[in-house]
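Here's a solo chain for you in structure tokens, the form predicted alone.
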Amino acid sequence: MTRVIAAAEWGGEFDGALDPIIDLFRFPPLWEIELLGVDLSINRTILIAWVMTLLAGLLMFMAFRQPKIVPGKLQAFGETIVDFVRQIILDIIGPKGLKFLPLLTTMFIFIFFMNVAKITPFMMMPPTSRMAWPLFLALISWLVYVGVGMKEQGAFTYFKDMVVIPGVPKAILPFLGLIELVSNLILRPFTLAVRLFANMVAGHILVVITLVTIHVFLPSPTGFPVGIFGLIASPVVFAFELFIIGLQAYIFVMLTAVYIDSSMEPAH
């Protein structure tokens, strides 16, 4: 498919090599900055992340800067988001988990806005399709649920209950205990990050292919039917991606709540 698109773009013949798919996610620095030997250059991904964070913060500030008993449309929208996250917490952790409402609401809004950059005109690039952002968010989740476990149960009890499984034969207890330790301390944050990263990468590629198909084939007399198909399919693709954008923000916050809940009580 990519070779056909390239051939159409190059006037029907294409003998060169296609650019690596990773070039969809590689951007040169816009401003090169180096501090004490550390590269702090600002590229398009960082700039998009700043813009989307600013928009998210501005939206919530405007929604709640003058809260009223009878909310306006913007306040009602903000309250809907907060109530949505509150319900996740109540369903998974219970009333005792409401102290995590500010954190999980912020996490949900941040992830949603980072993701929605994928279908935002003039951006079309979600920062969460770069592994650093999902890993950073997963690290926050890891620090929270491990910290909660040590605070609620005590550090020794928390880690002991994680690896000492009641009722397991002593011969296989070390093996299962190691699996539990790796699962809780390594696989949980890793799968959180990879799930978000992989979905955003796949979605970004799908959106790019759809737009490139329209751009290349629609003006071409021979490729016009393909271009029309891409044009008709594009609203479906964008609607699907919008659904995935919200779903991934929900899943990340929901799993973080699950991990916090598991840390508040002994595992076994």
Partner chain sequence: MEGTLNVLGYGLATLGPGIGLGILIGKAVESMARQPEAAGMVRTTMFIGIAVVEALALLAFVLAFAL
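Numbering follows the first chain given and starts at 1. As the structure is a computational prediction, the values presented were derived from the model and not from experiment.
As for the form predicted together with its partner chain, it is not shown, yet the points below apply to it.
Counting only heavy atoms and a 4.5 Å cutoff, which of 194-202, 138-146, 97-105, 171-179 contacts its partner chain in the predicted complex? One stretch meets the cut-off, namely 194-202.
Checklist entry - in the predicted complex, do Val51, Phe122 and Val207 all reach within 4.5 Å of its partner chain through at least one heavy atom apiece? => result No: none of Val51, Phe122 and Val207 comes within 4.5 Å of its partner chain in the predicted complex.
Discussion item. Using a 4.5 Å heavy atom cut-off, which residue among Met162, Ile92, Val82, Ile109 comes into contact with its partner chain in the predicted complex?
Written reply: So the residue touching its partner chain in the predicted complex, by this definition, is Ile92.
* **4.5 Å heavy atom contact, Phe77 and its partner chain in the predicted complex** => Phe77: no, not in contact with its partner chain in the predicted complex.
* Asked: Taking its partner chain in the predicted complex, which residues along 251-265 bring a heavy atom to within 4.5 Å of it?
  -> Read in sequence order, the residues that approach its partner chain (within 4.5 Å, in the predicted complex) are Ile251, Met254, Leu255, Val258.
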